[in-house]
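The data below hold one chain only, encoded as structure tokens and taken in the form predicted alone.
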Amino acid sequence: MASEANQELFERHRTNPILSAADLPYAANSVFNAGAALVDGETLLLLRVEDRSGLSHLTVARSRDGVRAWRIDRSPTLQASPATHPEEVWGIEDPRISYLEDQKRWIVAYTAYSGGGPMVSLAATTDFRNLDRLGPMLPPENKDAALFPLRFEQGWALIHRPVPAMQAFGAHIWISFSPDLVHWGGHRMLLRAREGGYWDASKIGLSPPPLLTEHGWLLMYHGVRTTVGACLYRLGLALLDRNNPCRVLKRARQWAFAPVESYERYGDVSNVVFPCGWTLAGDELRLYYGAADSSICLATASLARVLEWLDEHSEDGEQVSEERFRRI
């Protein structure tokens, strides 16, 4: 039996993987990186499905218990439409779902893969049967985006991850604001990738959408460590101020979740755990993650314990300031 010090913060479900391409009602290469939400008493996953051409689309799956007996749409729910949306010429990927209570609708932030690189697009829905595109929000190269579910004093807030032309600069998490979900400004860096030998050096990006807790907005993000053999994707945690999402309160120095099991270590892209969605029921936090870009898996944790762990392992956050911008 593992010692308490070596116990995982998130516990993997015993039936992992819970979804693979074999579960789909049509032929595909793989299914992974699903958005997640609780809708009408059920768990809804918006799956990223890679077809056998190599391009991706989005398909809805529903389950009463969020683990098994998935009811999956018979055909793609949202497919790329390059004729009307040329920014989707190479497919659509990695959806993240936020519910806007005052608008009574869901907003899906997804990656539209344009000929000029990935870019952030939004779609809106009330039923996940019809999704209305709001169009691209930010130019390429940009991805790993999610909308906060409520409006702040500065406007609607979007987390995203632009990639600079100067790759040596690194890839960091940014936040931007909008009065109308169309025009975006107030761009500022939110979390900077660490430097040197850290697990999250050089390249980081948002994983699930921010989750509101009594202590602030919980963020899970992925960090990419480039090794001699390949890239290694792990997951870290941070906490933002409830009223000012630009203010970082805490950030753990070590990762919270990493590829360990064979289904996470070996696949189309090995050594990857990559969640785009999580759900919360009471104190149970359910993390739905892509494993090795080949399947969807589930891990669970106590939200109270996650916040406690973050407090135990964090360094002090800092508000994004002009001094930090001068480092750019």
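None of the values given here were measured: they were computed from a predicted structure. We number the residues from 1 along the sequence you see.
Here the subject shifts to the form predicted in complex with a small molecule, a form of this protein not shown in this document.
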note = Exactly one listed stretch (298-306, 64-72, 255-263, 272-280) reaches within 4.5 angstroms of the small molecule in the model of the complex by non-hydrogen atoms, and it is 272-280
ask   = Are any of the heavy atoms in residue 94 no more than 4.5 Å from a heavy atom of the small molecule in the model of the complex?
value = yes
query = Do residue 293 and the small molecule come within 4.5 Å of each other in the model of the complex, heavy atoms counted?
reply = yes
inquiry  = Using a 4.5 angstroms cut-off on non-hydrogen atoms, would residue 160 count as touching the small molecule in the model of the complex?
reply    = no
query = Quick one: does residue 233 come within 4.5 Å of the small molecule in the model of the complex, counting heavy atoms only?
reply = yes
